[in-house]
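Given next, in C-alpha cells, is a single chain: the form predicted on its own.
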C-alpha cells in the first residue's frame, strides 16, 4: 500500500507538533510520501509564516525594510531546529533568501520559502529525502500542472527505500521561475503527488477530526461526516466548508484515490473518508439524509422580469454577456417563466452594480428589475436526498416553521444539493433549524 500524507500548517506549528508528525509518519511504513505546508501559528499571538512572507514582499516592493518581519520567521524555524537538535544549517538558507531582498523581489519565490524551509527541517528530522517541488511540479503557461511531465520528473528523483518530504504550495513555470498556488495550495500538491505515485490513499492531516456536518463555529459540537463523495465535498467546500482546498479533489478523483481527513492532535480518530462512490459502504451502513450544511453570506440577487422573454432565443445569453463585460462571476441563475435571477457576490458588484442595472435597462427594457442585497446562500448537501421523495418540501416547511423567509431556491437535477437564499440576518438561524431537525433528530433515533 502507498500512502501520501500531507500536514497542514497547524500540524507543524512548533517542535511539539513536529514530534507528533514524526510519530504519525513512523507508525506506518506505507506513509512514504510527505507533503508539508509552511509552519502555522503556535498560538493566537503569532502570525502565519506565509502571511509574514507576503508582508515582507510588500515591504520590499515599497522600499521598506522587512528585517523585523523576517526575523520573526528566522526565530521560529531556528527554535524548532534547536529544540529538536536537527542538524541543518538554516543560517545559509536565510542568507540566500535575504540575497533576494530587493524592490524587484519575486513574490512567488519569497512566499514559497515557508514550505521550502519547513520541508527541509522535517526531512532532516525524519531522516528522509528532501525533494524540492520546483524540481518536478511543472506548470504550463495557462497555470495548469502538467501531470505527465511532473510524474516523469518525480519518478526519476526518488529512491525506492527512502521516505520523501516535499514542500507543498508551489511548482515551476516553463521558464524556471517559481509559481505558487492559491492559499491552501499544499492540499493540491498532495493530491497531485497522490496521482503521480498512484497512491492507495491520500491522508490530509490537519487540526480537526474530519469534515463537520455544519460549521462548528455556528453549531457547537457539530457531528462529523464519516464518509462522503467527491461531489458532496465539492458542493460543501465551494459553499464554505474549508477543511480541504476544493481544487484538491480533481487530481485524486481522476484515479478514484480516497482522501482521508485526519487530526494530527488526535491521531486515533478515523476522520472523514472521501470516495468517488460510497454505494457499497452505504449498503452496510446507511448515511444520514443530509451529509452537510454549508453556506456563505454577502450575496446580491438581481431579478429581471420581461414578458415573453422565455421564448426569445438568445435572451439569457445576451443578459449573461453584460456580466461578462464587467467580469462578474455568477453563482447561480434561477429561472421561472419570463423571470431571471442572477446571484452574485456583493463584493464583486459593489463598484458597478448600478452601471450593470442601467445597462440591462438600456438593452432589454425589462418590465421590472429588482435588487435584493444582504443575502446568504445555504447549500444542503446529501447523496441520500435523491432517494427520498418530499425532502425539498420538508426542508421548506422547516424554514417556514422557524419564520425564515426564503428569497430564492435552486435544486440540482441530480437532487444531490439544494441551495436556499435567505437574509444575512437569518443565516445562522437557518443552519440551526436544519441541523436540529434533520441531523440531531435522526441521530437520536
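Residue numbers count along the first chain shown, from 1. Quantities reported herein were computed from a predicted structural model and do not represent experimental measurements.
Just so it is clear, the following notes concern the form predicted together with a small molecule, a form of the same protein that is not shown.
Interface membership of residue 407, defined by any non-hydrogen atom within 4.5 Å of the small molecule in the predicted complex, is ruled out. In the predicted complex, the small molecule sits within 4.5 Å of a heavy atom belonging to residue 37. Taking the partner from elsewhere, residue 169 is found to have a heavy atom lying within 4.5 Å of the small molecule in the predicted complex. Of the heavy atoms in residue 48, some are within 4.5 Å of the small molecule in the predicted complex.
Heavy atoms within 4.5 Å of the small molecule in the predicted complex are found in one stretch of 310-318, 328-336, 280-288, 183-191, which is 183-191.
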